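What follows is a single chain, given as structure tokens, in the form predicted on its own.
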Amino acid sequence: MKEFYTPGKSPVHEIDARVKLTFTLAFIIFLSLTPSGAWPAYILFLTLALSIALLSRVSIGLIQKRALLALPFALATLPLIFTGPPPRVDLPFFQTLGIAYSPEGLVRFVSITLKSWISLQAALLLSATTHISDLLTTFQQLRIPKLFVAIIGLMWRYLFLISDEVTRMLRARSSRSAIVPGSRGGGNVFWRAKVTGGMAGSIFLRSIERSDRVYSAMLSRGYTGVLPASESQPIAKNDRGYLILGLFLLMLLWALGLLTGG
């Protein structure tokens, strides 16, 4: 597992982390408040995200690929197509079965999917241009509860430990497996499910043992449950200007969505 942060010297990388975090949260909030069916506003929100990605010199293809993780969660709104408000329209291929869909429900489903996809791109841009340590420091400076900050920091670090455990287990399994050339390795679906379940349980137990050792090592090095206090520096004048300009632009896009949405 590789960290998504991409080191660079782009203008986006050099902006204060507090400004980037505030703008990202505002971006997601304004996009979420945009009415359904505001297609021009969605296009402009996406254009703004892509423009920032180009300015930060981050791989747009990688961001688009990772942003597809929002699609499985958006599928939870799929029933809106069939349970949305009337009028209902019969599907051409299922008229005999009496299956109809709601055009307004379809618009809501597509709108939620697009908003989730674009919002995740904004979050990925933040993580790609801001190191995790800077984000944790920003959380502290913004008076986020210390326990919440500690949980985020530990969760991020343990993700890499668990990834290492999974990689070692897969490597060990491959080194102990032999497949006859031309034959299909492994058993049936139930056998594979049993093996996968055993590996998942083993990973869980190994993760608990590894986390205990890591936490003991952290305590022996002076960890108290919170990050070391860092001195809060004032936000530069240019960064404040970028934030004001960005918020004003988001308000304009949101207003456009109110005018064009359903």
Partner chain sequence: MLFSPAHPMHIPDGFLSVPVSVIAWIISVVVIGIALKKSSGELKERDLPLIGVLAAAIFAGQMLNFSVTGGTSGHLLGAAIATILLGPWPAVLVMTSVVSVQALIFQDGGVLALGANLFNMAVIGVFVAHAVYTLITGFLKKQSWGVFVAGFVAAWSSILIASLACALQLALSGTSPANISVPAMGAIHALIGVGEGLITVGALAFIFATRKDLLKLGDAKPANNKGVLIVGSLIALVLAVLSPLASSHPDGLEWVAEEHGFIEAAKDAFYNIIPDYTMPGISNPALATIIAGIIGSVIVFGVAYGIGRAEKRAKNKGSAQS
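Positions refer to the first chain, counted from 1. The term rigid core refers to the most C-alpha atoms you can superpose between the two forms while keeping them within 1.5 Å. As the structure is a prediction and not an experimental result, all values here were calculated from the model.
The form predicted in complex with the partner chain is left out here; the points below concern that form.
Non-hydrogen atom contact T6 with the partner chain in the predicted bound form at 4.5 angstroms: Heavy-atom contact with the partner chain at 4.5 Å: absent for T6.
The partner chain contact in the predicted bound form: G61, any heavy atom under 4.5 Å: No, G61 stays farther than 4.5 Å from the partner chain in the predicted bound form.
query: Is Q233 close enough to the partner chain in the predicted bound form to count, meaning some heavy atom within 4.5 Å?
result: Output for Q233 is no: heavy atoms all beyond 4.5 Å of the partner chain.
message: Even though the partner isn't displayed, in the predicted bound form is A123 close enough to the partner chain, meaning a heavy atom within 4.5 Å?
response: Contact with the partner chain, yes.
query: Can you name the residues of 129-149 that have a heavy atom within 4.5 Å of the partner chain in the predicted bound form?
result: Residues within 4.5 Å: I132, L135, F139, P145, L147, F148.
query: Fitting the rigid core first, would the Cα of L78 be found 2 Å or more away between this form and the one not shown?
result: False for L78: its C-alpha shift is below 2 Å.
- prompt: For S163, is the CA shift between this form and the one not shown at least 2 Å following rigid-core superposition?
  reply: Moves: yes, 2 Å or greater.
A123 C-alpha moves between this form and the one not shown by 2 Å or more, core aligned: No; that C-alpha moves by less than 2 Å between this form and the one not shown.
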